[in-house]
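As structure tokens, one chain now follows by itself in the form predicted on its own.
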């Protein structure tokens, strides 16, 4: 992919609607050109095809996730308090970029096989959350977890599914409600003190 002029980037976000609605396979470059108001020849000048456009959108959303998660994880407080802020920050990205986030999840299996995307997912969420889980074990705010990366991946799935579901509701759930519900589940669980 060639470097894009700044004016093209916001226009390309319109392609996320197509990918979220129809998926990559059913979307044609003509559709992308019509949705973005970027001539097809110009799209082919900058991208080899629609897969590269989808990858560009993934990278943009994951860059926003990484900035939000990094800031939330680096703030003050216990690891548990920071994990709650990370969940809220990631859910806020879903609220801010609903169609691009849904496009990412719609073709997540394909995205996970792209090396650049896998690296970005690691940097944007799994790595920082794994570190928080280890820190929580040390500061006593979280249980000691033998496999923090596995738990971080499970949390990514929980946040992603919650974000996709709740932002697609009519009316959409608020970020605060989503974050409170998911944080309570993650940090307190479902079992009561008397449960087994």
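What you see is a predicted model, and the numbers here were worked out from it, not measured in a lab. Positions refer to the first chain, counted from 1.
The same protein also has a form predicted together with the DNA, omitted here; what follows describes it.
In the predicted complex, at least one heavy atom of residue 46 sits within 4.5 Å of a heavy atom of the DNA. Contact between residue 169 and the DNA in the predicted complex is not found at the 4.5 Å heavy atom cutoff. Among residues of the shown chain, residue 145 is not one whose heavy atoms approach the DNA to within 4.5 Å in the predicted complex.
The DNA is not drawn, but in the predicted complex it has no heavy atom within 4.5 Å of residue 140. Contact annotation: the DNA lies within 4.5 Å of heavy atoms from the stretch 32-40 in the predicted complex, the single such stretch among 61-69, 32-40, 125-133, 160-168.
Within 4.5 angstroms of the DNA in the predicted complex, the stretch 147-165 places no non-hydrogen atom at all.
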